[in-house]
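Only one chain comes next, encoded as C-alpha cells, the form predicted alone.
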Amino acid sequence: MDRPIVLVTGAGGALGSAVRERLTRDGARLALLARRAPAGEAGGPAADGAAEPAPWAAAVDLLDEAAVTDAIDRAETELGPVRAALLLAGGFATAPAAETDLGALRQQLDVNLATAASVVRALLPRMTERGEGTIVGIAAGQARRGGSGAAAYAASKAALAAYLRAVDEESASRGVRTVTVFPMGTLDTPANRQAMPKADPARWIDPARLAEVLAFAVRIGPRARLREIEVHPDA
C-alpha cells in the first residue's frame, strides 16, 4: 500500500496535533521536525490490525539550515522520499506598528518565514529532481487584510505568502505543488480560549476542520492544482 511520507513542522501545537491525527488516519507516514521532538503517539490500529508505529521525530532548530538538511537526510534514509511538507511552525505577537521595533519585526520574520524557508530550501531540490512533491504553508487572514495591533505578525505572514507564490512559480512546471492556506479567523485552541475568555469560540475555526483542508491539499490527485485556500469560520 502506498503510504506517502509527509514532513510536518510545528507538530506539537493544537493544529499540529489535529493534523497528525488526520494524516495518520489517511495512511501517511509522518516525519516531525520541532525544536523539541514531539512525543510519539500511536495512531490506532493499522490495516492488518497491528499497532500503528509512532511518527519519526527529530528535535531541530528550524533556523539552522545545516541541522534541517541533516534531519531531512535522516528522515529520507529511514522512511523514504518525502512526498509532502506541511509547514505549520510559526508564532503570533501583538503590538501596534508604532510600538514594533526592528527586533520584534525580525523575530516574527524568523519564526513565520525563515522556519518555512529553511525546510523548503532543503526539500525543493529533492522534490524537483524526483518530479513530484507538495509543499503547504500556513499564512493568516492578517496577510490578506492587514493586522491592526499585530503589524509584525501580519507582515511576516504576508511575506510567507509571497515567498510560497514565488516557489510555486519556480517549481510547478517540475512537478512540485505549492499551496498557501489562509485561516481567516481565530483557531479554537486552549491557548486562545485562555487568552480571550470573553470571546465566543463558536465563531472560531475548528482545528480538526482546518486539518481536513490541509490533508486534502496534500493528497489531491493529478490534473488539478490548488494554489491558495481561504478557510473561514462557519458563523
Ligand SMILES: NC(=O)c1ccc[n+]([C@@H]2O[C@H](COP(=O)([O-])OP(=O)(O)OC[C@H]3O[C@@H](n4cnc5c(N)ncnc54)[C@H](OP(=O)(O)O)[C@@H]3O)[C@@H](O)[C@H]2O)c1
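Predicted model only: the values in this text are computed from it and were never measured. Don't overthink the numbering: it's just position in the shown sequence, from 1.
A second form of this protein, the form predicted together with the named molecule, is not displayed here; the remarks below concern that form.
Participant: When you measure heavy atoms, are Gly131, Val176 and Ile220 every one within 4.5 angstroms of the named molecule in the model of the complex?
Facilitator: No, the candidate spot makes no contact with the named molecule.
Participant: Going by heavy atoms within 4.5 Å, which of 71 to 79, 119 to 127, 96 to 104, 152 to 160 lines up against the named molecule in the model of the complex?
Facilitator: Of the options, only 152 to 160 has residues within 4.5 Å of the partner.
Participant: Can you work out whether Thr189 and the named molecule are in contact in the model of the complex, taking contact to mean some heavy atom pair no more than 4.5 Å apart?
Facilitator: Residue-level check for Thr189: yes, a contact with the named molecule.
Participant: Since only the chain is shown here, I'm wondering whether Gly147 would be in contact with the named molecule in the model of the complex (any heavy atom pair within 4.5 Å).
Facilitator: No, Gly147 sits far enough from the named molecule in the model of the complex that none of its heavy atoms falls within 4.5 Å.
Participant: Residue-level contact is defined here as any heavy atom of the residue lying within 4.5 Å of the named molecule in the model of the complex; does Glu170 satisfy this criterion?
Facilitator: Flag for Glu170 set to no.
Participant: Does the 4.5 Å heavy atom contact test between Arg203 and the named molecule in the model of the complex come out positive?
Facilitator: Result no; Arg203 lies far from the named molecule in the model of the complex.
Participant: Judged by heavy atom distances of 4.5 Å or less, which residues of 56 to 79 approach the named molecule in the model of the complex?
Facilitator: In sequence order, Val60, Asp61, Leu62, Leu63 come within 4.5 Å of the partner.
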